[in-house]
Structures are given as C-alpha cells and as structure tokens.
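Quick heads-up: the structure tokens below are two forms of one chain, split into structure 1 and structure 2.
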Structure 1
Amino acid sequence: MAIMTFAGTALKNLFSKPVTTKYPAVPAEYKERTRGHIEISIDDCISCGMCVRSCPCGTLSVDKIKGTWSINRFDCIACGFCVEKCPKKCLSVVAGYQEPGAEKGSVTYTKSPEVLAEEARKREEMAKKAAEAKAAAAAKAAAAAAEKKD
C-alpha cells in the first residue's frame, strides 16, 4: 500500500514545475516584509544613542567623539526597534542577508572626515558660547552681590 502513495506523489512531482529556485544564476527574491539586516547612512547619524538604548540585544554601540557606529551582526535579531527609534531615520532594515564572513565580529562604520570636522567645529562653538554665558552669569552675580553690599 505504501508503494501506491509513493507512486502518486512521484507522478505528481514528475509533471509539476520545480519548487526550488536557480539561486546562484537567478538572484533570490525576498518578500515585502522580509527582515534582512540593518544598514546605516552614517553621515546622517547624529550619534544620539537612541538606537543603542532601544536595542533589546545590546548589539549596537555609538561613539560620538570618534564618529563611529558599530553593530555585532551575529547578536542582532533584526527586530527593527533601532530603526523605529532613530530620530534622523538614518537606519533602515534592508531585505536580503549579509554575505558570510571569514570571522565573527562587529562591523564598524565611521563618518567621513568632512562631517567629523564640521561636528567638531560645532562642539567648539557650543563650548565657547557656554563659557561666555557662564562668564556673563558670573559677572551678573558679582554685580548683584556688590550692589547688595552697598
């Protein structure tokens, strides 16, 4: 009896089109909501760290001074929480998967030198303005104290 069920399946498969794809020759087509891997547009990133705080696996790290953003792809579950929380929308989930690498480890993206120089200049301006505001507040407090004395 088992041979009869096998014969039916064999005949059906013989006259139907193949289920498998010709993957190396024809690229794989991913469904619309396939979770592949996280990509970043690093020069748009403001290094706020919202993605790091929202990641349930702790796979992300951001260094604001060096202008780097790192992800450990082997620990990432591609949930997309970091993409949702990014205020500048520089993160995205890309359909498809990374090609396998020779070694396990994290991938680090670094901002371009022009963007790093611009951010450093902005930080210096903000520090200068803060120092000026602090000096003005100290002078105002000293003037108020001198006026109270009189």
Structure 2
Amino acid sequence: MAIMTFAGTALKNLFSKPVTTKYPAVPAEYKERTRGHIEISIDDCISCGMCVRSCPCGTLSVDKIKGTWSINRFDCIACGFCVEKCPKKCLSVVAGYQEPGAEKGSVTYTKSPEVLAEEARKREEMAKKAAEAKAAAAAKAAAAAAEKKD
C-alpha cells in the first residue's frame, strides 16, 4: 500500500505541454481513411441504383432520366457500404464531417449537360433499336399468323 502514487504524474502533467490542441483555431488532423462524408464524381455515375439499394438508412436516391444523385447528409451514417457496392467506383468516403444545421436537407448532384446529352442520345438509340426489334417481331408474328391461316 502506498500513498501519493499519482503525485509524480500529476506534477509532470502540470509542467508539460498540453496534449490537446486548440481545436477551432488549429484545424483537426484527419487520417487518410477517415470516414467523414460521401463524395461522388457524378459524371462517372451510370445511375444503376446499387448504392440506393445497399444503403442501410435509405438516405440516397437516384433519378436516371434527370441524371441526378441525391444524399441526405443528416441521415447518412458514413458506413461506406455504397462505396463498396458501387460498380463504377465513382463514390468515395473522404474526411470532413457534415456541419450542423437547423434543418435536414438533401444535396443533389446533377450530371454535366454533355454527359446528359450523351446519355439521352444513347437512350434514344436504344429505344429506336427496341422499337425496330419490336416492329420486326410483330411483322414476323403477323407473317407466321398469315402462314398458319393458309
């Protein structure tokens, strides 16, 4: 049994530099892997919706036609599951936390007009091809039906 076992440490602490930093004045240091918030490089996104389906808290939404990707940052728990699931790897978790706010709100990212135009063109092409295929199939079916009648 001893007394004053902590006195040495306490005295040492009293005369040494503080281990804490003066936070708002000196900015916090983040590690490379820090999960702060989710970022998207929106032009690489293919609007597949994998992130929406994987999100455990349902904070994401994707609109394929409008080419948007929205996140409610106040609901996001920064688990990184969407980043892992993303097939194009256009999502990333980066340092820096969501700042507090008076209201919850979502942030929407829209693809650049060039990418949107390109996508619309592709969609039109696809639709055209589908329509042609459909027409061809219909013609074939009609021909088959006519043959049967004969």
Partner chain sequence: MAKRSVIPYGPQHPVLPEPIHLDLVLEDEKVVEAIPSIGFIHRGLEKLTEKRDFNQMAYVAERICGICSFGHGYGYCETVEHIMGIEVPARANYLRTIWFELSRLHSHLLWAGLMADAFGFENLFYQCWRVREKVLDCIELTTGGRVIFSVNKVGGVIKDITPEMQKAILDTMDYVEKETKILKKTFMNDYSVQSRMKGVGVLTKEQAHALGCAGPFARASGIATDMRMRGYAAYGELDMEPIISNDGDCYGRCEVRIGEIFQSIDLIRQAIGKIPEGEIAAVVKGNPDGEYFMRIEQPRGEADYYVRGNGTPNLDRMRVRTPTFANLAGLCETLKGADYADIGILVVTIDPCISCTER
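Only the largest set of C-alpha atoms that superpose within 1.5 Å between the two forms is called the rigid core. Since the structure is predicted, the reported quantities are computational estimates derived from the model, not experimental observations. Counting starts at 1 and follows the sequence of structure 1.
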* Asked: Just one of these is the form predicted in complex with its partner chain; is it 1 or 2?
  -> 2
* Asked: Is the C-alpha displacement of A136 equal to or greater than 2 Å between structure 1 and structure 2 once the rigid core has been superposed?
  -> no
* Asked: On a core-based superposition, does A10 travel 2 Å or more at its Cα between structure 1 and structure 2?
  -> yes
* If you line up the core, how far does the Cα of P24 move between structure 1 and structure 2, in Å? -> 5.3
* Structure fact -> Rigid core fixed, the Cα of R33 shifts between structure 1 and structure 2, in Å, by 3.3
